[in-house]
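For reference, the chain that follows is the form predicted on its own, supplied as structure tokens.
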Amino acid sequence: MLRLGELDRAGLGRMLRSGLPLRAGPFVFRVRSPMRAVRDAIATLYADATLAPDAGFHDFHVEVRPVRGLRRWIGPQVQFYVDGTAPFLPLPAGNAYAFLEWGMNWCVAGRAHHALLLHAAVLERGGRAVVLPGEPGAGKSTLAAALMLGGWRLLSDEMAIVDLAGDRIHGMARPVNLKNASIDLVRRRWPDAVFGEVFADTHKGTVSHLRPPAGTMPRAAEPAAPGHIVFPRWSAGAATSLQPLARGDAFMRAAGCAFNYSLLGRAGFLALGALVSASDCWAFEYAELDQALAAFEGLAA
């Protein structure tokens, strides 16, 4: 299979104008954009990704392009499209690549109802998954980045895709979306980590994307078995604490982090119940990344 990094910038630009068949775990996105900033970000952050057959099936047709008319000259903006429809208001042109990433997440969260979708990071070691559900600000993406750079295999920093049997967890293994102080925190700890552009003043604050280590994206379609469900909470100055959590409490907290639990009805209830039953459940509080990594080494033992 062709790796995206085998394309030069000119070739990647041509493919983006006609439709780049980008594989992300179980999904294929046909990505279009005429914008150089989008091309350069994809070249940097997806160099290890594999491309799907151009004539094959594509789950989502997405596009980011400039808004025409007066906006082209006064406060340039860009629009995100999926299957030719614009589901959001335009954003400033400088946020074009971030808009693409957010739009791709929205496509999966809103349409992939063959599985239970949890707002959670997922990592794997030894074939067993650690699922990190959490609301924005809980520190799950920061923790996911640290674990990924510490040797765990990233499945997703944003969304756990759980088979309805509850026995397999999938991810998309795309760039990790870090925000605000987490960006500099991870940069300082791992100075060789590859980041994309920093986007300031977005609706999520300051945002940048972190490239997964080599070999991660080609394995994106490999699921993992349930292992642990860990509910992280970052708290400044807190002592690192990993405490067992009753499965009933874990079920209710995970249900509150699901995108489509209610929509799936009984199937969602059974899938989540099977996942929780097959996992050790924990509440985790942390402030220091090195201490967090040491705690997770204990889970992997």
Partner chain sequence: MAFFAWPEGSVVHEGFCNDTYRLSDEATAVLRALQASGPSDVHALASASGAAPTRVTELLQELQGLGLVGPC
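Numbering follows the first chain given and starts at 1. Just so it is clear, the model here is predicted, and its values are computed rather than measured.
Beyond what is shown, the protein has a form predicted in complex with its partner chain; the following relates to that form.
Novice: So in the predicted complex, are Gly19, Arg30 and Leu45 all sitting within 4.5 Å of its partner chain, heavy atoms only?
Specialist: None of them does, since no heavy atom lies within 4.5 Å of the partner.
Novice: Looking at 37 to 45, 230 to 238, 22 to 30, 261 to 269, which lies within 4.5 angstroms of its partner chain in the predicted complex, counting heavy atoms?
Specialist: Heavy atoms within 4.5 Å of its partner chain in the predicted complex occur in 261 to 269.
Novice: Can you tell me if Gly248 lies within 4.5 angstroms of its partner chain in the predicted complex, counting non-hydrogen atoms only?
Specialist: Looking in the predicted complex, residue contacts with its partner chain include Gly248, since a heavy atom lies within 4.5 Å.
Novice: Any of the heavy atoms of Val67 lying within 4.5 Å of its partner chain in the predicted complex?
Specialist: It does not: once its partner chain is placed as it appears in the predicted complex, Val67 has no heavy atom within 4.5 Å of it.
Novice: Does any part of Gln291 reach within 4.5 Å of its partner chain in the predicted complex? Heavy atoms only, please.
Specialist: Gln291: no, not in contact with its partner chain in the predicted complex.
Novice: Residue-level contact is defined here as any heavy atom of the residue lying within 4.5 Å of its partner chain in the predicted complex; does Pro53 satisfy this criterion?
Specialist: The answer is no: Pro53 has no heavy atom within 4.5 Å of its partner chain.
Novice: Going by its partner chain in the predicted complex, which residues of 268 to 294 come within 4.5 Å of it through any heavy atom?
Specialist: Result: Phe269, Leu270, Gly273, Ala274, Val276, Ser277.
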